[in-house]
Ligand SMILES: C[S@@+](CC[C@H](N)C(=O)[O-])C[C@H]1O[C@@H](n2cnc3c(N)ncnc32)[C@H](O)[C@@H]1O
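Single chain ahead, by itself, as structure tokens, in the form predicted on its own.
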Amino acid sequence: MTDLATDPDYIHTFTPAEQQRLIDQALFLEPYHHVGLDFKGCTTVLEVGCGVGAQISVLLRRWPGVKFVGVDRSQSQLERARQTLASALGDHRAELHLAAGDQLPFGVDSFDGACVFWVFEHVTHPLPILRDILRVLKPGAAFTATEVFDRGLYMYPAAPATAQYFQAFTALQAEFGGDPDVGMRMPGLLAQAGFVDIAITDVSPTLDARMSAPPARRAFLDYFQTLLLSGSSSLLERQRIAPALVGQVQQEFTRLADDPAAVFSYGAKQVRGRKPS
């Protein structure tokens, strides 16, 4: 099993700044992507691809009676997760395991629920992971995957530099074996893996004139600018973009923040299914 931190085919970096971005991301996206999760009646829930523990830290706060078990194949990410979740690990409200998603170190029917956030966009073969998640779930247990649909990115007024940058970003991610539009494929993938009662919801974070407070607008756009530019070092290293393009993207985000009529929507889908009873 290869540690992701030594894998060159990953568009984001593993720097401390990037690890902190993941923690900030979980908090920023909580109102969009955690409200649809339901772990009532669950005792133990699995997160596959838990990374630095950012999502588990949110889950623990929202579901205080549930134990969360995280799995990741990156030792360096898990080391940061042990810091993030130190208190919960000490209280046995959380566990962390080094393992690949298609080789989960658990027995059949081990978990009351499972979730994945932003993992399958980086995966070449999602079905083996989904099938192993299905294996370790108890009959009737629910699974939720929150994933990107990058083709759904919408900006008004037009932001040509950002559009050019994002095209290079998603193209490189696809070359690395990922799928920038996997959110739309998830219902079919769950069906192929054996899940039932599958449903999909659009959970795209969106800024428009309804968000009128300048600090909120700036925070929203700052988050997405940081997210997009987190891939800039990989793109620059491979000469997929010109250095000047990064500055042009930043200028366009500033104009969006100052325009009360601006719209920015980043495509995301949340898919639910359950293991047959």
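All values derive from a computational prediction rather than experimental measurement. Throughout, we count residues from 1 along the sequence that is shown.
The next section is about a form of this same protein that is not shown, the form predicted together with the ligand.
> Check for me: heavy atom within 4.5 Å of the ligand in the model of the complex, for each of Q55, R73 and A99, yes or no.
Contact check passed for all of Q55, R73 and A99.
> With the partner left out of view, is L22 within 4.5 angstroms of the ligand in the model of the complex by any non-hydrogen atom?
Answer yes; at least one heavy atom of L22 falls within 4.5 Å of the ligand in the model of the complex.
> So, F117 and the ligand: in the model of the complex, are they within 4.5 Å at any heavy atom pair?
Although the ligand is absent here, F117 would touch it in the model of the complex, with heavy atoms inside 4.5 Å.
> Test of understanding: in the model of the complex, would I129 fall inside 4.5 Å of the ligand by heavy atoms?
I129: yes, in contact with the ligand in the model of the complex.
> Is V123 close enough to touch the ligand in the model of the complex, meaning at least one heavy atom pair within 4.5 Å?
Contact check for V123: yes, within 4.5 Å of the ligand in the model of the complex.
> For the chain shown here without its partner, which stretch in 149 to 157, 73 to 81, 193 to 201, 86 to 94 has non-hydrogen atoms within 4.5 angstroms of the ligand in the model of the complex?
Stretch with heavy atoms near the partner: 73 to 81.
> Check each residue of 35 to 71 against the ligand in the model of the complex and list those with a heavy atom within 4.5 Å, in sequence order.
In sequence order, E47, G49, C50, G51, A54, Q55 come within 4.5 Å of the partner.
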